[in-house]
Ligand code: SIN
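Single chain ahead, by itself, as structure tokens, in the form predicted on its own.
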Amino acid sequence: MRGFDYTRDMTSKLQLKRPLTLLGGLSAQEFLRDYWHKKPLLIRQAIPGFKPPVAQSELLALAQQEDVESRLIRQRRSKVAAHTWQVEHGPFTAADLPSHKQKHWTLLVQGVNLHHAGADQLLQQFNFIPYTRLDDVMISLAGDGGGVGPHFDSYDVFLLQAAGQRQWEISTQCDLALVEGMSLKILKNFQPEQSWVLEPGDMLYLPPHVAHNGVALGACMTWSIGFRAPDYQEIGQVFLEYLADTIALPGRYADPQREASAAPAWIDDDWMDRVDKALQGIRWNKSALRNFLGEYLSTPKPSTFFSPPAKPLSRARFAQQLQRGHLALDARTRMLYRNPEIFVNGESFTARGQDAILLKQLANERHLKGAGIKDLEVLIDTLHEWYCAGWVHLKTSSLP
């Protein structure tokens, strides 16, 4: 955590040592040391008496929206396998969506935390994992017998049972071969080693590449808290695009000692050597890497759209109201920092002094009291711009 100068650092570290019901009585540090990326963990009543803040009707409505990623998976009997899975992609109409009384179907709605405050609040309970890794909440709604087949994920996941019952089978098998010709990545030779039935409030943590299969026992709802794990190929490609906008290679190819060629189609050594020497001038330092990673990791998903206020307050009115209220980041806003840079939704700037302290607090806690911002004119300008863009929201009960 080098460079972490957040004023509440010591308090935060003490909180990481507290036993958490969410983790079955383990502290965040104990969980990360003993289970994270290492082995599965079943947690009975991780959230006792859990009542899902997203109703089934709300989830079905989200699946009908253009800006929400959703999939409908149906299981069919097959002559070559016990089941085959058919996948349809949203948005759906109400007529497309099955009744909860029907069997062998699953509706998956991705990024629910971007559209529903209750789902976002639940996601924040897992912020003992950095925001650079915390991804989204996917909700699975299923009829009796519904599931997506035995599979594995390339990222960590918490599976929280929200309503009804689901049976989970898991395996740490090394054989991860897939069935050919399926529209989903179904394991060919799944051999379950452990099995549990999860009730509302129960949660199962799975590290990457642990094979698992969940089957609904009656109509049920499951929440998946997933984590970002981009492959280095993706990062490398985006980094090269970033470098293309920042590098400046001097000079131009020239060959004053050129000799006549008997083979004009031949790419000669002079071309190879001169270009090789020029390209070796491409360099980057930790500062460039910091800026790239900050912008890359804070960039919202391509389908993300912000909703600016219909009648935004003037800058003066905004500053006045801010003193009586607080700011909250929009659920879709990604805000990170690494000294001295602040990164918001793919953009970056340098902040110092009290501005930096308050912005880091906003990034960590995702809300900020306005009382201490009165005399920070540059910071108020910045926050007003974000407010007008829909990146932050002004919360106050004193608005006329």
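Each residue number is its position in the shown sequence, starting from 1. Everything numeric here is computed off the predicted structure, so don't read it as measured data.
Although it is not shown, the form predicted together with the ligand is what the next lines describe.
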Only one of L187, A163, L204, L108 gets a heavy atom within 4.5 Å of the ligand in the predicted bound form. Which one? L108
Using a 4.5 Å heavy atom cut-off, which residue among F292, W168, F227, W85 comes into contact with the ligand in the predicted bound form? W168
Quick one: find which of 294-302, 235-243, 93-101, 144-152 has residues within 4.5 Å of the ligand in the predicted bound form by heavy atom distance. 144-152
Is S140 a contact residue for the ligand in the predicted bound form, using a 4.5 Å heavy atom cut-off? yes
Partner proximity in the predicted bound form: N113 to the ligand, non-hydrogen atom cutoff 4.5 Å: no
Contact between A319 and the ligand in the predicted bound form at 4.5 Å, heavy atoms? no
Although the ligand is absent from this view, report whether L159 comes within 4.5 Å of it in the predicted bound form, heavy atoms only. yes
Are there residues in 212-238 with a heavy atom within 4.5 Å of the ligand in the predicted bound form, and which are they, in order? H212, T222, S224
